[in-house]
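Read the single chain below, which is given as structure tokens and is the form predicted alone.
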Amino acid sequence: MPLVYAGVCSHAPGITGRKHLADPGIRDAFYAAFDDMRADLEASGAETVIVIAAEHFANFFMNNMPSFAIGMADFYDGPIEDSDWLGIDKFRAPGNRELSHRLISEIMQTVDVAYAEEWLLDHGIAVPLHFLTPRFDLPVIPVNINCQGPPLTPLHRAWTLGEALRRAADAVPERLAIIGTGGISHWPATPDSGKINVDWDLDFMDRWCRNDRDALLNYDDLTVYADAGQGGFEIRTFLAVSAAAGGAQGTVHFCEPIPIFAVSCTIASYDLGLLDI
């Protein structure tokens, strides 16, 4: 069955860990957009959510850094970070090992992916799940794209992964959602933390909403690093969702800088219904 939901959202740890320091008005508007995303996800009838993130050396390090990895486990524990720091209690999210196996087997026809039967969720997935599946009762399949350890996954390969995810979703009877999480521009764990390039973010999201493949792939890492920080490398997760959406057009529901969260906090989705899927 084709995808029933496709969207993207921010995952910065400050979103939950420093919420008391943010301007209440803009913070609450962002949280409301997350709540609307949760409602749309629930209304889609998704039976499992595929979450594409840029894992932050929680499970993979420079001695073993796959370009792509997909979880294949019965459950996933998180967050790996300190709960008091992140503002999220320890949880266990259900997985679906058998469904993961089927999806991975299909994806492998065109994309070389690693798989992991053990996976600890860090803030890259824990923060979105905290808002979108607050009871942690919807099965999740985590996906990692290497956005952190050079040589980074090439942008066009992230797009190819998204196409493979879509093909795999079309091949199974379950109703699947796909959510990419990450940036956009940000400079985490540097003296520039809190810096945000709003114009760059808005331009990127315009390209994303138009699902303009050529424009989305017309970035190079040196320019991204200069204009959007090392956190900007996480656009790969957004690109994979664009490819999976198969030409659908998108809407930005929220994209505002919240410096204490160190990112333009973003919620956006594709209108899959326009493609009659």
Partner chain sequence: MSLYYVQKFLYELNRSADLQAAYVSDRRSVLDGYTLSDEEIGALVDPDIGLLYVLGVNGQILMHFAAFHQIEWHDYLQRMRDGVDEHGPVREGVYAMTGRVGTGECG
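Every value quoted in this text rests on a predicted model; they were computed, and no experiment measured them. Residue numbers count along the first chain shown, from 1.
Form predicted together with its partner chain: not shown, discussed below.
- Contact with its partner chain in the predicted complex, defined as a heavy atom within 4.5 Å, holds for exactly one of E174, D74, D77, D192, namely D192.
- Taking E47, D212, D221, D36 one by one, only a single residue has any non-hydrogen atom within 4.5 Å of its partner chain in the predicted complex, and it is D221.
- Of the candidate stretches 130-138, 197-205, 79-87, 107-115, only 79-87 has residues with heavy atoms within 4.5 Å of its partner chain in the predicted complex.
- Although the partner is absent from this view, Y225 contacts its partner chain in the predicted complex, with a non-hydrogen atom inside 4.5 angstroms.
- Not displayed here, its partner chain is kept clear of A43 by more than 4.5 Å at the level of heavy atoms in the predicted complex.
- Taking the partner from elsewhere, H253 is found to have every heavy atom lying beyond 4.5 Å of its partner chain in the predicted complex.
- The closest non-hydrogen atom of F233 lies within 4.5 Å of its partner chain in the predicted complex.
- Contacts between stretch 11-34 and its partner chain, counted in the predicted complex as any heavy atom lying within 4.5 Å, involve P13, R18, L21, listed in sequence order.
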